[in-house]
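Below you will find one chain, with nothing else, as structure tokens; this is the form predicted alone, and questions on how it binds or moves follow later.
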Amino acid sequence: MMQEGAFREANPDSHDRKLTLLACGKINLCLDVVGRRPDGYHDLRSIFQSISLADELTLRVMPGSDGIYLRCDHPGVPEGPANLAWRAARLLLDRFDGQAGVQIDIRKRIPIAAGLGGGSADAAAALLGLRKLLELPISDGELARIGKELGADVPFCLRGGIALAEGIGDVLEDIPCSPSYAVLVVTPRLHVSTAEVFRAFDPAKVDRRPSVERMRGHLERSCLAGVAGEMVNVLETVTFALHPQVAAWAKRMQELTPGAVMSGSGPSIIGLFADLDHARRAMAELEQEDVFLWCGLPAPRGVREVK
């Protein structure tokens, strides 16, 4: 038997079933921390938005085999149980169909540990893809509950689009709108510990909080200026102090557009622009810098199949 975790090349004569999916990244248009829970997590109020920056996952189910075999083209991504997509596959196989083997091939495009939900997006794609390939009788609600076991952002990544998020980010309400802006992402090349940021968060140091209700109204009316005015992330009070480079990039983005904010706990900074031409011109001003840069459009779903 092949050792679990070692990637097996496909046999062209086999009856393996295969599916390729795009797993979209996630940004926070605003983020407020409204309390600390007894379990140590924090209650949030945020607006999540899917973006078309996406990892590509190819899933292959191997009847008559067993185990989970994962590989990724990014050297910083774990290829075993520390990978959320691997764990998503393990959960489904253990609960519903332990008689098949699974291969997962990830082409990584979302920067890792960037506040863009890349690991959660990959887990969501693995859950949706394997539900289809294995023909599992799992409702969307049950899949979301399984996703929550993997991470707070996974339930949103399963559905995508744009939503008001509460709880730890798992209580979601879709916002009925069609965003008419483009997004620029700047990710400095440094590591920010989400756990450290939340541990250090002090509500007394927050002098401005976003209104998700006002933000929602501006989104529904396609008022970009109003959206920009509510782009506030209270975790900036921590991350900017711990990592002055992130604060400097936020200031740089604010010079390019009034609609700028840190995503999640950082280090990515996002900016909203009226259209792709404006976003591309802003990105061109930063291309000589040693940062990850991307611009593109919001995505209507969290995961989509590549035909």
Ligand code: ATP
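One-based numbering along the sequence shown. These figures come from a predicted structure and were not determined experimentally.
The discussion below concerns the form predicted together with this ligand, not included here.
- With a 4.5 Å cutoff on heavy atoms, Ser222 does not count as touching this ligand in the predicted complex; it lies far away.
- Although the partner is absent here, Gln103 is not a contact residue: none of its heavy atoms lies within 4.5 angstroms of this ligand in the predicted complex.
- The closest heavy atom approach of Gln99 to this ligand in the predicted complex falls outside 4.5 Å.
- For the chain shown alone, Gly129 is not a contact residue for this ligand in the predicted complex, no non-hydrogen atom being within 4.5 angstroms.
- For the marked spot (Gln254, Gly271 and Ala282), a heavy atom within 4.5 Å of this ligand in the predicted complex is absent from each of the three residues.
- Only one of 176 to 184, 83 to 91, 163 to 171, 210 to 218 places residue heavy atoms within 4.5 angstroms of this ligand in the predicted complex, namely 83 to 91.
- Listed residues Ala144, Val206, Ala113, Leu136 were compared with this ligand in the predicted complex; Ala113 is the one with a heavy atom within 4.5 Å.
- Residues of 178 to 200 placing a heavy atom within 4.5 Å of this ligand in the predicted complex: Thr194 alone.
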